[in-house]
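Consider the single chain below, provided in structure tokens and representing the form predicted on its own.
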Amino acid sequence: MIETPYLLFLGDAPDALAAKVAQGIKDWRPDNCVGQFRMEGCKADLKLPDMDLAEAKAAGAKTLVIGVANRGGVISKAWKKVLIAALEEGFDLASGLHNLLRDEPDLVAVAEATGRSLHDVRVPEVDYPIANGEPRKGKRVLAVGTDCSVGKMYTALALDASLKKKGLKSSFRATGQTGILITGEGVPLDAVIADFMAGSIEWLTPDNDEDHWDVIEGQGSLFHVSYSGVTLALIHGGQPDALILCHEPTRSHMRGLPGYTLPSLEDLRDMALALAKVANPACKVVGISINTQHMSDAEATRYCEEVEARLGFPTVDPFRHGADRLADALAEV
């Protein structure tokens, strides 16, 4: 188990989205967060106390969590100095990067010398099966997005909380590093060998009560040329009964791909639903989640109303407005 509370390492994150792992932990497990550690040039700010290692240790932090999800998931030389110092200060380290802590000889040597632990949450620990496409009991809902980092995890967590509040059976199924760090379990989907990705989601969402909802954390985007594979594995392995469309309307291009514009919600609806029906012909779109973090309250309300009028589905920002309307739509499936 990863010991709490955490000091969240933001490194030299170039923008707020680069620190989405730390932001997710702070938003959904605030009691686990003592403070943030930012290097020179960091442009992310969680509005937590800025602390050095000694201050965080004195405040009770036990684990330094790498809260940055950079392109390629690599540990830079500048980060390495901080990570080694953290081990020497008495912290454990936790990371969801592709660049594993356990593959860095200097970190391993210092951890062994200091008696500290290295936690790599992006390491599959199960021999997942190849997907068989057989129908399963229970119900499943998947968040799909027009782009990466548009709020699919937040949508799923908010929806799970709303379903539980209404007395309905629900489980949040984490499929990425942040979700796993928040809930303590799940499938690190983008680290699973391609042939087994869909099977890992079948494994994650097995037979259940007929009235139980598995709320599956979405990943990537069918329209993102870098990360579309994980999205399709979720769609086919999850066999969702319902889809929630997710969108961030203020972007000028796809995340990390300045030459690609975002698809419309209509494009997402049509492509995702067609692919979902391959594994579950009864799948339907039931709602839309809009990430309005860069909008005022009035702008957010107006935009959601416009989208709802245009597409005909309940449209909300689950983090801003709550997910009750999305939960109500699921209850009708």
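Everything quoted here is computed from the prediction, not taken from an experiment. Note that residue numbering begins at 1 and tracks the sequence as displayed.
The same protein has a further form, the form predicted in complex with a further copy of the same chain, not shown here; the description that follows concerns it.
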Just one of 99-107, 123-131, 168-176, 204-212 has residues with a heavy atom within 4.5 Å of a further copy of the same chain in the predicted bound form, so point it out.
123-131
Only one of 89, 190, 241, 248 gets a heavy atom within 4.5 Å of a further copy of the same chain in the predicted bound form. Which one?
190
Work out which of 39, 275, 59, 282 lies within 4.5 Å of a further copy of the same chain in the predicted bound form, going by heavy atoms.
275
Three residues, 226, 233 and 257; all within 4.5 Å of a further copy of the same chain in the predicted bound form via heavy atoms?
yes
Contact label in the predicted bound form: residue 222 to a further copy of the same chain, heavy atom within 4.5 Å
yes
Just to confirm, residue 158 within 4.5 Å of a further copy of the same chain in the predicted bound form by heavy atoms?
no
Can residue 163 be called a contact residue for a further copy of the same chain in the predicted bound form at 4.5 Å between heavy atoms?
no
Would residue 74 sit within 4.5 Å of a further copy of the same chain in the predicted bound form, counting heavy atoms only?
no
Could you run down 193-219 and flag each residue that has a heavy atom within 4.5 Å of a further copy of the same chain in the predicted bound form?
193, 194, 195, 197, 198
